[in-house]
Ligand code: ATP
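Single chain ahead, written as structure tokens, the form predicted on its own.
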Amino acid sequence: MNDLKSYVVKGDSKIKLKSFATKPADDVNKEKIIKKTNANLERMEAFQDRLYSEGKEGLVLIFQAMDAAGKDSTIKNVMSGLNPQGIDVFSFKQPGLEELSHDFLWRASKNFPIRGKMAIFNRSYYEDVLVVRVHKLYENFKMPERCKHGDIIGKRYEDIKNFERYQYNNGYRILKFFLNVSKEEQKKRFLERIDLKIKNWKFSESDVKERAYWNEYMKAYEDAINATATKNSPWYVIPADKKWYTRYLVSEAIVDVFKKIAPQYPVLPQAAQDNLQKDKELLLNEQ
């Protein structure tokens, strides 16, 4: 767990994103890391089965990142061995008319899983303190003027922190991952999307336009992480330049929280166990 501890933010002190690495150290062995990741995926599968059977806690995994940081591939690979019945995946794109007509946390809260299940948020309510902040989109929101003045982003930090505390008090754990890709690696991946026809569909002109706001986004992410990281709902600033290392650290964080939840298979009351034995005898004595 030494690797993971280097990347977790729990709100104990303010962090600077530039102090976090975007790739593993040169002495990290890729082959060993991939083996550890595969072992973690097996452990996650066993933990998830117990979580679903017990039905006491829910787990929400939030993935935030700049474009081309690898959110989709990380989700696909790390969650590949999980039972689809026990996990929901939501992609938070630009909000529609109905979503804009509600509070900014509405579309997230209605997609929280039932206890016993997991949910993955590909982007999330954090978009409302990221892109909304960078482009000052709140100025055009259809809301009372009193809601569009003053420190609207600061107020949303508080709303998010209180929302996550509320969810924790109701049996949910929230892990938040910022996939920390370098500007150089993003450029490389954008060019690959342009050059390879099979990846053309992944690229849009808006990607380059948003890249021009790189510094503004980094400041927005840094402030959001500092304002909302807590012991019970931590952020993980995960290096994203090497996808095999990203997947390893994400799997480590998930296994770690599963250990804390420590889900167990339910134990039937004695009367129910007695009935099971009777049913077993009936089955064995069938003619």
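Just so it is clear, the structure is predicted and the values come from calculations on it, not from any experiment. The first residue of the shown sequence is 1; numbering continues from there.
Quick note: we don't show the form predicted in complex with the named molecule, though the next part is all about it.
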Next on the checklist: Can you tell me if Q94 lies within 4.5 angstroms of the named molecule in the model of the complex, counting non-hydrogen atoms only?
Outcome noted: yes
Checklist entry - Does any heavy atom of E127 come within 4.5 Å of a heavy atom of the named molecule in the model of the complex? => result yes
Checklist entry - Are any of the heavy atoms in V131 no more than 4.5 Å from a heavy atom of the named molecule in the model of the complex? => result yes
Checklist entry - Just to confirm, L137 within 4.5 Å of the named molecule in the model of the complex by heavy atoms? => result yes
Checklist entry - the named molecule isn't shown here, but in the model of the complex, which of 174 to 182, 94 to 102, 110 to 118, 79 to 87 has heavy atoms within 4.5 Å of it? => result 94 to 102
Checklist entry - Non-hydrogen atoms within 4.5 angstroms of the named molecule in the model of the complex: do E158, D223 and T228 all have one? => result no
Checklist outcome for this item: the named molecule in the model of the complex has a heavy atom of only one listed residue within 4.5 Å, and of D241, D67, E252, E57 that residue is D67
Checklist entry - From the list K187, K148, R123, R165, which entry has a heavy atom within 4.5 Å of the named molecule in the model of the complex? => result R123
Checklist entry - Who in 62 to 91 is close to the named molecule in the model of the complex, meaning a heavy atom within 4.5 Å? => result D67, K71, D72
